[in-house]
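Given as structure tokens, the chain that follows is alone and in the form predicted alone.
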């Protein structure tokens, strides 16, 4: 039965529409202003575009938070007035109802995804205020906003075409941003081109896999005339529930291509080779954006696809009781990713490459949460969902903070290698302390948020029967502790090459302090977000 867009659906798409309007506003305000050619005018131009972007993202985040009802829910018997009517209409577009035109969900997963992604974009925009991104800052910030809009669409997609288009809307601006900053022309251009080539390959894999799955779904359900809605994940789930679906090579191949394509986006092994070079060549705040928001959106999309479209092909990761389904594939990918990611990080001296390999390893931990769907118990599957989202929240604020601290050091010290961090504590104790908080969280040391995030992941994977994956994760966590301690050793113990104080730019300082406070709060008071995360339910299998 056809589903049509209604005017009442507009509030449900409000955050994405606001991101689009803000992107056009930032681009237009930069184009139509008269700017001088001197250095001071260029700096003012960057500040104007960056400030408008940061203020706009902050307002959109607050509107989304109000719409979600997580902090404040308007009582049903609230009095009628102009302001409360706006709030009531806004919250009516919150996490309720069927997907918009069958393709865009506005459930709790979407709302939490929006908050994480818009919040990440806000922190990154604050980081860039103390940079001077090329000569066209309007374009630069508009690309960040458009990519954020695409990520929100990725988190909400419930059918194949919307999912693919959202991936492209996210990726194309990121290809440009990766090569946008021209301080080091060779590295920046190489980063942009390599990201584009690997991204194009991953998009092709996703699209080919989707075409195979769509073909199977149409052929499996009588009445091919209704093929117009067979791209919806729930309709695909109905097709995979038919007899013989699990044994279909066409369906299995399509699912493998989709996992591989999204695997490129989130940089899991063996789809990771673009990541270290792109991270090193990109502007450091953009590297923070790539390693957090982009990955979070990719994992949210992968989660929704697997548990909504393929709940009947879950399989198990238990070696003794049979190996099969997408859970077993993810188990292999998780083990390979945490092992090779941590081992490859050990010899790195460039900190951006080290954090790139660290990000690859962390992607392996996120995959472990998806294995909870191998459990027949709804409580374990729910724990896996909560662990996955909690990990993404903690990882996002931690990695933005880590790359932000590195950005401050590289701006003032002149490089981003281990040697440039030597004796940083003696030159700026506050910056060194903030960096230590982020590094310890990445290492999984209590009371930082990273400890509980890994603990919940391990619990969910263990209860699903993937004990061998959990043991591998524990061992590689101890291996990873070595290179994280090397960063702290250089920062606090080694002698500095200079005793000149390292200045702390205002907006970068604000970003780092905000991120550090969030990391500590998430570690000490996890229920601040876990009570909200526990509301996430995906229709298929929950």
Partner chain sequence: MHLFDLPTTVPWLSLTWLSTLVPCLIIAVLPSSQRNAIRWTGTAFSFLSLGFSLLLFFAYDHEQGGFQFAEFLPWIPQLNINYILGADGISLPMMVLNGFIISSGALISFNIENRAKEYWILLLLLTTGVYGVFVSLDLFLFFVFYELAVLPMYLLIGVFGSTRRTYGAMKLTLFLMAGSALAIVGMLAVYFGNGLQTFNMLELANHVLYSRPFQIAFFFPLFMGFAVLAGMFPFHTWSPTGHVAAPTAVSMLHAGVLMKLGAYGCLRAAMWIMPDGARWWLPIIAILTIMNVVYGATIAMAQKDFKFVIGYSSVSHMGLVVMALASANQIGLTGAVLQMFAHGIMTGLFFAVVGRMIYERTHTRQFPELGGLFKVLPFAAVMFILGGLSSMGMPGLAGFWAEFTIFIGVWQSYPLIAVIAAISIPITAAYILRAVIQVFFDEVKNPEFFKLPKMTWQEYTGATMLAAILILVGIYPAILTEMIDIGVAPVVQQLHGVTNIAGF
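Positions refer to the first chain, counted from 1. These numbers come from a predicted model, not from an experiment.
Heads up, the form predicted in complex with the partner chain isn't pictured, but that's what we're talking about next.
With the partner omitted from this view, the residue of 383, 301, 269, 124 that lies near the partner chain in the model of the complex is 383 [heavy atom within 4.5 Å]. Interface residue among 216, 365, 131, 456, judged by heavy atoms within 4.5 Å of the partner chain in the model of the complex: 456. The stretch that touches the partner chain in the model of the complex, counting heavy atoms within 4.5 Å, is 470-478, out of 470-478, 506-514, 53-61, 24-32. Under a 4.5 angstroms non-hydrogen atom cutoff, the partner chain in the model of the complex lacks residue 47 among its neighbouring residues. Taking the partner from elsewhere, residue 429 is found to have a heavy atom lying within 4.5 Å of the partner chain in the model of the complex. The closest heavy atom approach of residue 462 to the partner chain in the model of the complex falls within 4.5 Å. When contacts are judged by a 4.5 Å heavy atom cut-off, residue 524 counts as touching the partner chain in the model of the complex.
When contacts are defined as a non-hydrogen atom within 4.5 Å, all of 447, 451 and 485 contact the partner chain in the model of the complex.
Contacts with the partner chain in the model of the complex, taken as any heavy atom within 4.5 Å, map within 488-506 to 488, 489, 492, 493.
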